[in-house]
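Listed next as structure tokens is one chain, alone, in the form predicted on its own.
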Amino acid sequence: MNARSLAQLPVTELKGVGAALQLKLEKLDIHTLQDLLFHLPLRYQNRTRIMPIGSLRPGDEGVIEGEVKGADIVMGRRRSMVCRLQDGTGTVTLRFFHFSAAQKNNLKAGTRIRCFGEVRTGASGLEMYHPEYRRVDDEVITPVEESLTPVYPTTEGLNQNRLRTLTDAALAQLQSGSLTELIPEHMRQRWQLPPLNDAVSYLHRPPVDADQDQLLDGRHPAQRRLAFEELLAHHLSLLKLRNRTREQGAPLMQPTGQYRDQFLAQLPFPLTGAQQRVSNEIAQDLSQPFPMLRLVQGDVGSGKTVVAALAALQAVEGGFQAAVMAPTEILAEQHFINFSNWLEPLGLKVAWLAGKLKGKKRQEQMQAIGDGSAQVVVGTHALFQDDVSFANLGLVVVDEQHRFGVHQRLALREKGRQDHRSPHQLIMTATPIPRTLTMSAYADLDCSIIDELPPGRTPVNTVVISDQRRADVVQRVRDACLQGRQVYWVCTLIEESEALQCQAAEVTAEELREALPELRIGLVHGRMKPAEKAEIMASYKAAELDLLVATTVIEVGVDVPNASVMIIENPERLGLAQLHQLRGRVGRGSVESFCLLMYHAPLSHQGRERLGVMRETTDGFRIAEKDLELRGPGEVLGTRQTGMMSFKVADLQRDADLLTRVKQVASEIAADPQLSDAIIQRWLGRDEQYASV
């Protein structure tokens, strides 16, 4: 068998793998022998020694051997068969809820059996439920296992014994063939990576003296060897995506200062040092002949929109259109208002496109976009509908990128593709992304961070309070409003149903109107018509309302400097990033601001930890790291973003320390497209198409 054949040899080559078993293996993404060898155990069982029954403790898992003293059928809440087993050091009960008459006859008194199972406390003392067992002969010594027993991820109709047998067959093939070493030897030596074949063999059949704790934690050198290569494959696939984009060329946008200088002169505040730095990085990118791919992270209120406006002006100065896309109509509308206020005095036209725009108004906007009379276009995902065509799109700004899939971002890029050129892309987020995720999920982007808040912003004081003190909270709301402040009251519900969430907000608004008749109270939720929602938000912004009751629709983008108190009900139901976003709606003016997290007892351990972090810090990056720790990368990035983030071996948190090395190796290997493609194919295989959109 040649060295490459394990990657090409289908599992049907193994004895006993017919069409039915092949389908089950495909559900686990196992198509070849290489796939089978990379399908690693979740954990291990120690069946290498026989434990004395007298030494067993609840929670132990192990092999025991003894003589059956009797088997009886017991009628309790559930009918069961109990079998008493003794070995001279103690007695344990084996309990079976599913059994046959033949099984009962086989377990008659005097029979010697060996079992494997987990010990728990039951009605008759220590018990094992449904242990695996077999009869043993006193005359013949039955050997125990020689290595730890693997427990694999599996699927319906495929049991552990079958998987172990198949893996044994694949490991036997590994003795005569091999898995191709794709990482060059000098790199393996530099980073002390064990040989691939040795690592795979070890993980499927660890020796008796293996460090089980290290294996369970995923920290064994053999696991790290595979995690390293898998992270490398993901990184290379994103570099490939980046290089493919950069090959296309982009419009050159040399800044003339024609609009920029006027724009800065009319702003009521100077740019912060961080805004200037990031703006210069973007200006540099836009004057290159290949597409900018830049992610700008800035905490809530750090002034990302001004930076986006400066980028848009550079595009216009170069004779191109800029498109700004936001995930919700509320946020898109706010961007439209800001851009109109800033750019129209400079003689520029800003167009607006959202799902709610219909008929003649929509046609007017479409024409302005199509003939180029609108230099800047703001909208929701309506911007990349088929019937929207731009005259000369040169820059795409995507706000809150994590709300869109990679595909949506790329679809808007397609709109501006002409003469083998792609528009520049600027991606902004107020959700700080932990460094580990930036280095992996966003490896195709350059990153800038606006790490400075404008002067005059006050830190928000966060208070964690039980909903049993609701009356005190209502009084606090009354006091704040009577002092001329405005308040948000955010309702969260665990129900998936948006209708129920909105109903809860309506009930809360009604209760608060009864308790606070002297206040002007508004309500906004997701099931309202966009126009209705916008009208209420406008009233709140104009200080015609004192208190706004809302679902989490106000999470991003609403800017009301006079709002200084926020109540969040049931905050334990939200992720840290979402809580941080909500809290960012207050503290936007010069008055001391408060965020009250009103939880419902009892709190889970994770709930307590989350609220504790919110109380301790307003640093978005620290909160993001904690969020990653508590919820994992899929949750933090959002599932739409992470079709590409499902790892077989690696764990972004656990293996974060490998990422710097992975980045170095990737930059060297990327120079060899054939090798790079082989690594991507091995680990991402059929999932790699996302990188070719």
Ligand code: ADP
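Predicted model, so just to flag it, every value in this text is computed and none were measured. Note that residue numbering follows the sequence shown and begins at 1.
Below: the form predicted in complex with the ligand, not depicted.
When the contact criterion is heavy atoms within 4.5 Å, does Val306 count as touching the ligand in the model of the complex? Heavy-atom contact with the ligand at 4.5 Å: present for Val306.
Phe97 near the ligand in the model of the complex, any heavy atom under 4.5 Å? No.
Gly484, heavy atom within 4.5 angstroms of the ligand in the model of the complex: No, Gly484 stays farther than 4.5 Å from the ligand in the model of the complex.
Is Gln275 close enough to the ligand in the model of the complex to count, meaning some heavy atom within 4.5 Å? Yes - in the model of the complex, heavy atoms of Gln275 and the ligand come within 4.5 Å of each other.
Partner-contacting position among Ala374, Ala563, Val300, Leu310 - heavy atom within 4.5 Å of the ligand in the model of the complex: When the ligand is considered in the model of the complex, the option within 4.5 Å is Val300.
Among His234, Arg610, Arg588, Arg294, which has at least one heavy atom within 4.5 Å of the ligand in the model of the complex? Going through each option in turn, the one that passes is Arg588.
Select, from the options 382 to 390, 100 to 108, 320 to 328, 264 to 272, the stretch whose residues sit within 4.5 angstroms of the ligand in the model of the complex by heavy atom distance. Of the stretches listed, the one contacting the partner is 264 to 272.
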